[in-house]
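A lone chain, given as structure tokens: the form predicted on its own.
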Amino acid sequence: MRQAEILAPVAVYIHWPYCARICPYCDFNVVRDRGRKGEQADLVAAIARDLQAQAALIPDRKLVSVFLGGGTPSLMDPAAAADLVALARRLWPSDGEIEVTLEANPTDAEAGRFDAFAQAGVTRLSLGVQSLDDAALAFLGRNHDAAEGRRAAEVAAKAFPRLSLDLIYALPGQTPEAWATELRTAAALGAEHVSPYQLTLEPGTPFDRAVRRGRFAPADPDLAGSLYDVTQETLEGLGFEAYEVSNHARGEAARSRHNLAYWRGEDYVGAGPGAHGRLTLDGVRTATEAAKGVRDYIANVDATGRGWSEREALGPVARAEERLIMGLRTLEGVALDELAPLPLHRLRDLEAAALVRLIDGRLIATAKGRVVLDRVISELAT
């Protein structure tokens, strides 16, 4: 058997925290891009050292994906992205092509750089279109309009082997009919992967404060449910399979290999400010979290070689809970033996209610169960 066939897979997540504008619904670890060029060069160097230090802990792995997320990593210097991708390839062997994903915003300036990122090794662009309606984009605080979004998608479809579009729904005033039309328009732009996310009000964000002040009301739960149903029906009719609760792909090859690493409980390295990781160290699944501040992260790397601010060995129950939460989101579900530390008292009741099913030793949420997945997980875990 060849060496690459016996190596455990590992994915690499690189967090680029800079944004030209911070959206009012966002609670990610982000900072404004303006006036930080020197800091950004220091950050690239720190991420490289962090990757090298973590590779020393898990040297014998097979690299399956690199994900440049953020923030807005399409604001990076493409040469810096190329260097980090090349470094990850050198640190962990691979017996073939790997998936390299870049998150991007569809401004004209960034779309014009897509060819440079393709040359840097990016094979999959995740484009934050968010909406194809100008009024909705203004509400979401985006710095592009619908025409720019469509142009960026068309350019990206030509520049990259794979294109994914992110969309947000359950917006004030949105109707099921308008949402279905928007989904059909998005699917016609050349993407083979669509990630529709329901607008959520994260604590502490400007949208959260706006709702508490009565400036707008979140979507009624019944309407949000109708919009979810429209999402499934429309995309399925266009040939997209919901292989995960919020991710739809045209065929298995179009699925996000990087996100599957999360959902399957595989190891992944997290590098960059605030990045999370999951590593098997000395046989123990270990959660890592990098310092959130850019300068704090760089200082950690300078002092210890790694950007971590926290490192925790996960016990059997914590590991099982994580597998339940992540695995049940997918069509493939989670192996029942991975959930052995959990009580699963309500399993038979949930089966009887057609919310979950057991197939070949795997626990899988049904379409009905995925609508109420939080409830299903809670009843299985307690």
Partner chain sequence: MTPLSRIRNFAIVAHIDHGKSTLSDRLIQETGGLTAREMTAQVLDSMDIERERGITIKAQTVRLNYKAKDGEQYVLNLMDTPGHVDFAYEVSRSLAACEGSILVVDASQGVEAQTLANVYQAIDNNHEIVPVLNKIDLPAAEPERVRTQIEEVIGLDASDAVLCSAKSGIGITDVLEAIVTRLPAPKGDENAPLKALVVDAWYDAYLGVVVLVRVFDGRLKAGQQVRMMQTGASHRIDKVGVFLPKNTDVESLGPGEIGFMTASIKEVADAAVGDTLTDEKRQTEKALPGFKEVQSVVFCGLFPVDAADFEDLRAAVGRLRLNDGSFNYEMESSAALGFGFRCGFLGLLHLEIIQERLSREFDLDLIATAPSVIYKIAQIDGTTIDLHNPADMPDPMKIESIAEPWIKATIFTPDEYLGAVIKLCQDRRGSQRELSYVGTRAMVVYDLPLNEVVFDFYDRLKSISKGYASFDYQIEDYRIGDLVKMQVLVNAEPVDALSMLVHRSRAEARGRGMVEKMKELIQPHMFQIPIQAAIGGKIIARETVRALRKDVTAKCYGGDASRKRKLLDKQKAGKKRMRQFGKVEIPQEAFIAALKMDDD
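All values derive from a computational prediction rather than experimental measurement. Residue numbers count along the first chain shown, from 1.
Although not depicted, the form predicted in complex with the partner chain is the subject of the following passage.
Look at the stretches 332-340, 42-50, 315-323, 57-65 and give the one with heavy atoms within 4.5 Å of the partner chain in the predicted bound form.
Selected range: 315-323.
Please determine whether each residue of 18, 163 and 205 possesses a non-hydrogen atom within 4.5 angstroms of the partner chain in the predicted bound form.
Per the other structure, none of 18, 163 and 205 touch the partner chain.
Residue-level contact is defined here as any heavy atom of the residue lying within 4.5 Å of the partner chain in the predicted bound form; does residue 351 satisfy this criterion?
Result no; residue 351 lies far from the partner chain in the predicted bound form.
Using the partner position in the predicted bound form, report whether residue 355 sits within 4.5 Å of the partner chain, counting heavy atoms only.
Yes, residue 355 lies within 4.5 Å of the partner chain in the predicted bound form.
Does residue 169 reach the partner chain in the predicted bound form, with heavy atoms at most 4.5 Å apart?
Looking in the predicted bound form, residue contacts with the partner chain include residue 169, since a heavy atom lies within 4.5 Å.
Interface membership of residue 278, the partner chain in the predicted bound form, 4.5 Å heavy atom rule:
Residue 278 belongs to the contact set for the partner chain.
Please pick, from 282, 222, 97, 252, the one residue with any non-hydrogen atom lying within 4.5 angstroms of the partner chain in the predicted bound form.
Among 282, 222, 97, 252, a heavy atom within 4.5 Å of the partner chain in the predicted bound form occurs only for 222.
Using a 4.5 Å heavy atom cut-off, which residue among 226, 143, 181, 309 comes into contact with the partner chain in the predicted bound form?
By the 4.5 Å heavy-atom cutoff, the listed residue in contact is 226.
Quick one: name the residues from 245-276 with any non-hydrogen atom within 4.5 angstroms of the partner chain in the predicted bound form.
Contacting residues: 245, 246, 247, 259, 262, 263, 268, 276.
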